[in-house]
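Two separate entries follow, structure 1 and structure 2, each one form of the same protein chain as structure tokens.
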Structure 1
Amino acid sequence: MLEVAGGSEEPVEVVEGDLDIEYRYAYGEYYDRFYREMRDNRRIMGVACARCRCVLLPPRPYCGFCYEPVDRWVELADEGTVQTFTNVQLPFPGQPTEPPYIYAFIMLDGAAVQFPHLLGEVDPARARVGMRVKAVWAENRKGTLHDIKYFRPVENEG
């Protein structure tokens, strides 16, 4: 739909446009298993590359480092170490979480690549790189990253 901005006596300078499209994304075999394990078993599963001897997230049919096919699944701890974080102050269009919130990359124990998620139950002034955190699982899980509410500091942290 195009609408002309301004009245009939005004010059036509700008038209307003709008795109309203719905998408549905297929998970594919690897994401499907990953999210089923999150939803049904509260488990975070990675895939192990035999050649690089590392566990990858998100699960995918190839190793991001050496391109070898990967099909061995490994359970990862729902606990890890904060690799980097940011305290987001401004709202960004399209984002479901209301600011302020802390977005972080977490290296789960046993993984070689980091897990993107939120930190909760933490004073922003005390958040730090190297902090130990553990997943807080959502009660109502649907098979998305939101099946984890956030990661909270483990005892003696935060």
Structure 2
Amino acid sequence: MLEVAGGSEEPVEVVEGDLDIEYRYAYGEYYDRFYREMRDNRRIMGVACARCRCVLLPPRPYCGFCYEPVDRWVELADEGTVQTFTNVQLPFPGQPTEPPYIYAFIMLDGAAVQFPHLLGEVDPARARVGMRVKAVWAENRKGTLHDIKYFRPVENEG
């Protein structure tokens, strides 16, 4: 029984099963350029807000900090610093790859927001917040986030 507001109880029916929902997503002008730049030029592009000077990634038409329209494109480094990460051991629908893998939020040099992506070429026991990483680009890029295979630790970081 489920207790609801007012103290009454109602029977609850549990339905178990899998739900697989297919959908299509239209990139729009900003994401279209973002993915084309990665595919064609191996460049990570963001947009800079003239008002608060934040550089947004992925790019969007309005600043998420001060809500001003943004249209000045800037190239970001393909290196940055791990802000947080998790070591994924169990499978779930929609994963970018088969476990185990490390999923991290990376502050790319010059950006004001974190960029989520995979870490590679790193022992999970050695992954750490503050680690410097660099993008490893896919050889055959298709205009998706997978154009970056993963981020690897920067050598000789001391």
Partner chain sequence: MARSVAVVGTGQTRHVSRRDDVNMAEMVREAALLALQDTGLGPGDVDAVVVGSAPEIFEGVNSPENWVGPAVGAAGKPMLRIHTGGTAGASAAIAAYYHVASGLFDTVLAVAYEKLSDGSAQYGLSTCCDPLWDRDFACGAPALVALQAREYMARYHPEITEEHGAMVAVKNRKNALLNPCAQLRMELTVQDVMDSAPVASPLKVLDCCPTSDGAAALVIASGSRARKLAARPAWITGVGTCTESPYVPDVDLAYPESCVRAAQHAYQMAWVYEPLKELDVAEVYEAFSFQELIWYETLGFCKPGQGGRLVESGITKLDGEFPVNPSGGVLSSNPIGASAMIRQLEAARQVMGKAGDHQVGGVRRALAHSWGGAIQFSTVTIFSNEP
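Keep in mind that what you see is a predicted model, and the values were worked out from it rather than measured. Each residue is numbered by where it sits in the sequence of structure 1, with counting from 1. Rigid core: the largest C-alpha set superposing within 1.5 Å between the two forms.
Structure 2, not structure 1, is the form predicted on its own. Annotation for Glu139: C-alpha shift under 2 angstroms between the two structures, rigid core superposed. For Tyr23, the Cα shift between the two structures is 2.9 Å when the rigid core is held fixed in the overlay.
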